[in-house]
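Only one chain is given next, in structure tokens, and it is the form predicted alone.
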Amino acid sequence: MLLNVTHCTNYKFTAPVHYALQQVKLTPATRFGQRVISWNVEINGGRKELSYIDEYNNKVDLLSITNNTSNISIKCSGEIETTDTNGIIGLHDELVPLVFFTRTTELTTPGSMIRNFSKVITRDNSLRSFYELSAAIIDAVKYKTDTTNVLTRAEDAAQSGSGVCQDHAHIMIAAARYAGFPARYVNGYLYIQDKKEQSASHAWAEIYLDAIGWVGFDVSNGISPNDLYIRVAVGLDAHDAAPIKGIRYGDQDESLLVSVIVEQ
């Protein structure tokens, strides 16, 4: 499938910014299941200082903000060819060792509810048990916007009974790691036929199974990612794989507007 993506991020500050740096992870890579035909990143109000590949094999652009700017916009656009791999990504090829993905982070620290979720995971039929785990999570934690935020921990979202794709991915990851399986967070795009324009990118989890390699699970939609999905960045959690994060000097407030369009 050929998918066209336009992702616009606009920051507006209440006062001019004298210095800021932004770490941008918004460039997908060609790998098993997807081929990048074209991709472009445009910046207004700042400039690209350098680009590099991080320890997760994500392409990272480091941006500086133009002195005394009050607005910055980052527009990414391109065409990606995808194929359905039933969520299978393959063997581990990151710079960090596989065991690194068993680490617990602040956002993925398990509590009593996540430990209970992990009881469905078995070693003898792990693939099936992770589909059962995914179903158990969405049954207990309904998809609902405006009930959590980017700092919500997996256990808190589980206890609240509602959340969004970020929360579902964190819960899945936390339960998998508690059971001893490497797991990672994926940030990317999802083509939804009747919803061309979206207000954010999408997120899901990947679990490493010895007999298969990395396998994706989109808990929010109850499936493994197929040719409707584009992988962009991975990490231990949403903070690691965030599309944009950075620092700035000053006490300015900011407003953020994000628009994501995915279409055939």
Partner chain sequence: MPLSLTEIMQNTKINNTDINSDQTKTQFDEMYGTTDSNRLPYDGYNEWFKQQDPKSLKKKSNEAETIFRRSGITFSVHGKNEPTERLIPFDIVPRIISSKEWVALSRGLEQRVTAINSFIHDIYHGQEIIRAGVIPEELIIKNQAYLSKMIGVNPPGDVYTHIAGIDIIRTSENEFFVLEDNVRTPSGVSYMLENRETMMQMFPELFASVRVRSVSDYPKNLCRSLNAVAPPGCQGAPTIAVLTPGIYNSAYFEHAFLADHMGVELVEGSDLRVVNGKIAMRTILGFQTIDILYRRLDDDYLDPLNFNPDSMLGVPGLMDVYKAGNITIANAPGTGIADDKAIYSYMPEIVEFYTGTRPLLNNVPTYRCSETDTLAFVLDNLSDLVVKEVHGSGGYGMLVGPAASKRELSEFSKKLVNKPENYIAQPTLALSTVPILVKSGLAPRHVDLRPFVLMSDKIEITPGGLTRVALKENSLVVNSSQGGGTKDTWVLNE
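This is a predicted model, so every value here is computed, not measured. Positions refer to the first chain, counted from 1.
The form predicted together with the partner chain is left out here; the points below concern that form.
When you look in the predicted complex, the only residue of Arg103, Arg115, Arg128, Lys142 with a non-hydrogen atom within 4.5 Å of the partner chain is Arg103. Taking the partner from the other structure, the partner chain in the predicted complex has a heavy atom within 4.5 Å of a heavy atom of Ile247. Interface membership of Gln23, defined by any non-hydrogen atom within 4.5 Å of the partner chain in the predicted complex, is confirmed. None of the heavy atoms of Ile43 is located within 4.5 Å of the partner chain in the predicted complex. Proximity of Ser51 to the partner chain in the predicted complex falls within the 4.5 Å heavy atom cutoff. The putative spot formed by Lys195, Asp253 and Val258 is not touched by the partner chain in the predicted complex; no residue has a non-hydrogen atom within 4.5 angstroms of it. Screening 62 to 70, 27 to 35, 198 to 206, 223 to 231 for residues having heavy atoms within 4.5 Å of the partner chain in the predicted complex returns a single hit, 62 to 70. Heavy atoms closer than or equal to 4.5 Å to the partner chain in the predicted complex belong, across 17 to 47, to the residues His18, Tyr19, Leu21, Gln23, Arg47, ordered by sequence position.
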